[in-house]
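The chain below stands alone, shown as structure tokens; this is the form predicted on its own.
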């Protein structure tokens, strides 16, 4: 058996620095973010070293039409992920404006799907998310507003390396990150972006194009 080493992933702050440093490049290979393990094995008498990156784990949530959304739903898709709640009085409206920009920009791209997780599932029922999606005039097949078990949602946010929690002292009663995450067809995180900053989202859309091209090559 070979040796196994676990190492922590790149911090979100470091990721943003990396993204800014690459922003002027017309074509780039995006990093894979998050925890990974380096595995050394002996094969035919030779030392072979592999780096195995963590995939987004299996999940079960329900979207604005009450449909079950799992990792199978996004199989072979590129995803943009965020966490929000419909009654948020602070950053969520700005985040949704930027997410709408992505939605509109990739209107004819069937291989891109948006996943918005509500961190207030007690109030954000399927019916309420349905009304919210209708107000934004978006299609459920392209943008899933998801609810489910609260602990599962919070655990999923942690898995995505961002913060989401109930906080009675925060506006609206919840504290959460405004980050958008870019996930490739292998369910691996390839970028973290500021969801209220138009320039960061401009960069994200460039990176989405790169990942979509990469995806088509890797099919």
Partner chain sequence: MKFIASFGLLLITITACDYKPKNQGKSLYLKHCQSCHMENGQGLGQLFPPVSNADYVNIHSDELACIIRYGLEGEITVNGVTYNEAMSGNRQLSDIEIANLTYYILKELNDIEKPYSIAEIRLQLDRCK
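None of the values given here were measured: they were computed from a predicted structure. Numbering follows the first chain given and starts at 1.
Omitted here: the form predicted together with the partner chain. The next part is about that form.
Asker: Please tell me whether the candidate spot formed by 93, 132 and 136 is one where all three residues come within 4.5 Å of the partner chain in the model of the complex (heavy atoms).
Answerer: Yes, the whole candidate spot contacts the partner chain.
Asker: Which residue among 100, 126, 113, 140 has a heavy atom within 4.5 angstroms of the partner chain in the model of the complex?
Answerer: Checking each option against the partner chain in the model of the complex, the one that comes within 4.5 Å is 100.
Asker: Can you tell me which of 69 to 77, 117 to 125, 85 to 93, 102 to 110 lies within 4.5 Å of the partner chain in the model of the complex, counting heavy atoms only?
Answerer: Among the candidates, contact is made by 85 to 93.
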